[in-house]
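The chain below stands alone, shown as structure tokens; this is the form predicted alone.
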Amino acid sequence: MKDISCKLLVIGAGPGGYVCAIRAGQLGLDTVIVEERKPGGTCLNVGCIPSKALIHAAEEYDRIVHLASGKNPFGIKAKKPELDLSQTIAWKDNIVGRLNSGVSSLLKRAKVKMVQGRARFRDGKTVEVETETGRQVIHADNVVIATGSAPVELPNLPFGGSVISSTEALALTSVPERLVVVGGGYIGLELGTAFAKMGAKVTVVEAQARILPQYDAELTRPVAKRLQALGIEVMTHAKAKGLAKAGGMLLVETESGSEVSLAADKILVTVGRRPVTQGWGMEELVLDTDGPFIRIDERCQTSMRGIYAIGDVTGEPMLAHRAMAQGEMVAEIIAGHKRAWDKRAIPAVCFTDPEIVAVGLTADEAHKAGIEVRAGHFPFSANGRAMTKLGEEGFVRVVARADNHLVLGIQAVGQGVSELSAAFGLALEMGARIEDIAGTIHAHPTQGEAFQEGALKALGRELHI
């Protein structure tokens, strides 16, 4: 094969990689992107998009089940529904396929050359790719590493058979009768909740003191309450030890040190994700690292000139929209624009039931940083739109500096609050004061009013509570 030379080579066509390549193409940079699998990466193919499709299908099924039970205030009667999970998965796969095609079309429109295969560095400027038709050598002035992350595998619970990762969970064509989820973080709870709504008996095993330990306890309390209502058993201070010899059982060490056996048709291990730093020739480079991650500066530049890294391979938070923002920025830097990375306004969304959104600092985090704050907390139980949707569980919380009222953070938990994340992020990005939010007219009746009311509460001017 004839060697390829380009201005920019992007390794990995996940959210960060393909956005970087598209923006570079728009800026007129001669760009090549290499991807071993389908474009879109983990998020589009086996993560964000398919999981949200499954979560939505589970919510629809659960809603009809409750209507059929007659225990609803709407006066609606329905017949008990049936679920064909294989058809649900086919619908999910169709969505993923359409988005795959969309990404490919966007890359083509931006005049980005796509090379499918496994990339490996020869040196800092040269990469070879094993394709179906042979070895392709690519020389690049600049390289962006966007290799993403993969599920963490436990030594005592290797993936295979009944032990599955989120990837396999999203491809199941029948609902397991008994599902044990190892790990009470957002991935485990999102999928565990979905399968519980579809009829599985779900048990969550979490080593720490509570579920969703990355969020503060006030935010996670409504989620814990909902898990209980769904019949999901949560075991905290519990460690998965491995499979019982007899099979079909997971051995768990409890807080007291005793060992119990949990019956399980499937064991979903969701104990985190690790950066993909193996298999692409990192050993041929001299890159500084932060633990398992590639170290970058405020321009996503690595310790080697002309080599950038973006997304999950560079550390937390492992979020697709973080990778996208980094990718867009790096493309502009390579094109000669002046840009720098600022991560203060990255919303994190947990698609549990109810949903959680957090952006910026909590009051506790601000106090630890030596900042005096004032905070406003407004419950959805006082919000008319939330009441009409039976979504009274949860609240919006606004945290601001006590001296100049600059908004430092916004958090919320409640039905559908993921859609408020854009407003929360914008407020921080634009440097809003709580007076700015309080003085903005919010449409009535909407759940967004709770955002304004939270700001009013922080000012001591609350109207509806």
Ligand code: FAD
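Only a predicted model underlies this, so the values are computations on that prediction, with no experimental measurement involved. A residue's number is simply how far along the shown sequence it sits, counting from 1.
Separately, the form predicted together with the ligand exists; it is not shown, and the next lines address it.
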| query | finding |
| --- | --- |
| Listed residue that, although the ligand is not shown, lies within 4.5 Å of it in the model of the complex (heavy atoms), from R118, R135, R109, K389 | R118 |
| Answer option from S51, Q415, Q26, S421, heavy atom within 4.5 Å of the ligand in the model of the complex | S51 |
| Triple contact flag A13, E35 and W280 to the ligand in the model of the complex, non-hydrogen atom at 4.5 angstroms | yes |
| is_contact(F351, the ligand) in the model of the complex, heavy atom dist at most 4.5 Å | yes |
| Interface membership of C43, the ligand in the model of the complex, 4.5 Å heavy atom rule | yes |
| 4.5 angstroms heavy atom contact with the ligand in the model of the complex for G148 | yes |
| I187 within 4.5 Å of the ligand in the model of the complex, heavy atoms | yes |
| Partner-facing stretch of 78 to 86, 370 to 378, 310 to 318, 333 to 341, counted where any non-hydrogen atom is within 4.5 angstroms of the ligand in the model of the complex | 310 to 318 |
| Heavy atom within 4.5 Å of the ligand in the model of the complex - qualifying residues of 76 to 111 | none |
